[in-house]
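Consider the single chain below, provided in structure tokens and representing the form predicted on its own.
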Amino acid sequence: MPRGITIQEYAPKLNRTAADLVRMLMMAGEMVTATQSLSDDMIELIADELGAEILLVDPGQEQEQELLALFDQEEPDESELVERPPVVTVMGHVDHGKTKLLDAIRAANVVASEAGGITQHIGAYQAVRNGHAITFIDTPGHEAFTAMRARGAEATDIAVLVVAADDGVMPQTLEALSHAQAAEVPIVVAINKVDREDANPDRVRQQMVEQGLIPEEWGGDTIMVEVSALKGEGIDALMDALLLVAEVEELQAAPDRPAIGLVLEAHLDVGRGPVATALVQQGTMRVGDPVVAGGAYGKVRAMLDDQGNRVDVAGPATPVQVLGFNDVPLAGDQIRVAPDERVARTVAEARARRARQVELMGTAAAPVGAGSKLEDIFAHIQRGEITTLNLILKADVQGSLEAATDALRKRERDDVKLAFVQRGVGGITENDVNLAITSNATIIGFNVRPDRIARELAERERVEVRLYEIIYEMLEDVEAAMVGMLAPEFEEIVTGEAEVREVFSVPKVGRIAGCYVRSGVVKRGSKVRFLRDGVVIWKGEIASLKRFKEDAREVSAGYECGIGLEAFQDLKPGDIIETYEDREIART
């Protein structure tokens, strides 16, 4: 049954008239017309009433599955498999030399005659060591890595965690580590900057042990390599370590099949049209192949490697730029070689149509892996299941973080385990939400707020974000969830967001924030939260609101205004003023 079906379309499938179904919903307190799209709940209510078994699918999904079956193949046979290069993602804290390390690996592999030439950056490249290739994905860091995993793209075989020997483990290092662990990939630690005077590699090893990664030389199973990206030292040892891990993992692929791969990034080039950087995962892609990626399709017009050279064939674990799409695919889309152009076009058009219908309905189904919710715990307990609540915990200071972690750990029971996917200090970011999607986690925040992008992503992907200012409220909620007694709650609806651009001092009035309203509507008298770097530093109300020199009742997005806050003067450019209202919502 496609989502959003009307009563007119639904009734014949159940051997009933439209009037029967309208009457049935009316009896249940739902007033709908025969031509109105039904919600999922209404469709299921009617089915339950009539004893019908239904499977809800997104519009066009059935058609797409039939089309995909045309070029879906069985799992490759053992005889078809050959060894393939490992795919490696390099992650780590900013300024720890991640980019320099990638450059050093790349420089060691560029042919001398090409050293003066310009190599083309395509977001991924291959390096060769002792006749074995290694594919490196050069992402902007773990954000891109996790965003792709959140869309179900398993692109990486090995993660390299770069830690500076002079700096040691930093917040972003821990963040990158938790993303690699959530992906369940082997981790190799590159201890960089060992050439510096204040370098202390053993301190890094000790910090890694505290995170559960025990170095091989200390009796563990994590390979840690000392390198200096600046001087090019230890690069060969790192490559050897990666090849060793790859050998243990026994990475294989079937090259003699139509290619299936992953779009790493894509853009519209003025001269060349849509260009997609793709990583071939299985099979072989050739120039002239019909391809489909998400809602885009086409014929491979040309392929370029990371040196900018044209190639005719790309085998497993090979990154290439693909030209010839009719539209720009999305990063994370699967790219497939289709039997012919007609099938590629039909599949792409079905997907694009489905995406449009879902958008028009405004009620896209919750994606697989949408955040697990506190409300769900009791249902698991009642069924006698042992349930694990995955949590991402963010707080304003380290002290609150430790206190909240300890208090939550004490609430664990035999039937409810708590797993901290990530703990950190600072505001809730898009990255945290992506990790919550990937690991099926609930985000809990103390005196911190999600930024606008994170909030919109959480709403769209239905990730539960719970924000508290008092530790006991959080503990009460977790305990109440365990006994199925969550009380009605007040939902905070963010009504507007303004950025402080300048600060003015007005005699007898005090300091006024010259603001630009970035989203929503800011109203005089609204409740307000004052944020600095995502952390709440004050709460109160807007005392005065002006447009130019005139008093204003409200100011909409895209306009500038002056905001005076009640009894708060610590204003700085770059701060965020967030207005909100409380709305009571009943628990389900």
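Owing to the predicted nature of the structure, the values given are computational and were not obtained by experimental measurement. All residue numbers refer to positions in the sequence shown, first residue = 1.
The form predicted together with a small molecule exists for this protein as well; it is not shown, and the discussion that follows is about that form.
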Can you tell me if residue 411 lies within 4.5 angstroms of the small molecule in the predicted bound form, counting non-hydrogen atoms only? no
Closest heavy atom of residue 340 to the small molecule in the predicted bound form, within 4.5 Å or not? no
Does at least one non-hydrogen atom of residue 473 fall within 4.5 angstroms of the small molecule in the predicted bound form? no
At 4.5 Å between heavy atoms, is residue 280 in contact with the small molecule in the predicted bound form? no
Please pick out the stretch from 456-464, 200-208, 90-98, 427-435 that is in contact with the small molecule in the predicted bound form, where contact means heavy atoms within 4.5 Å. 90-98
Taking the small molecule in the predicted bound form as the reference, which of 353, 196, 452, 299 has a non-hydrogen atom within 4.5 Å? 196
Counting any non-hydrogen atom inside 4.5 Å, which residue from 266, 348, 229, 189 sits next to the small molecule in the predicted bound form? 229
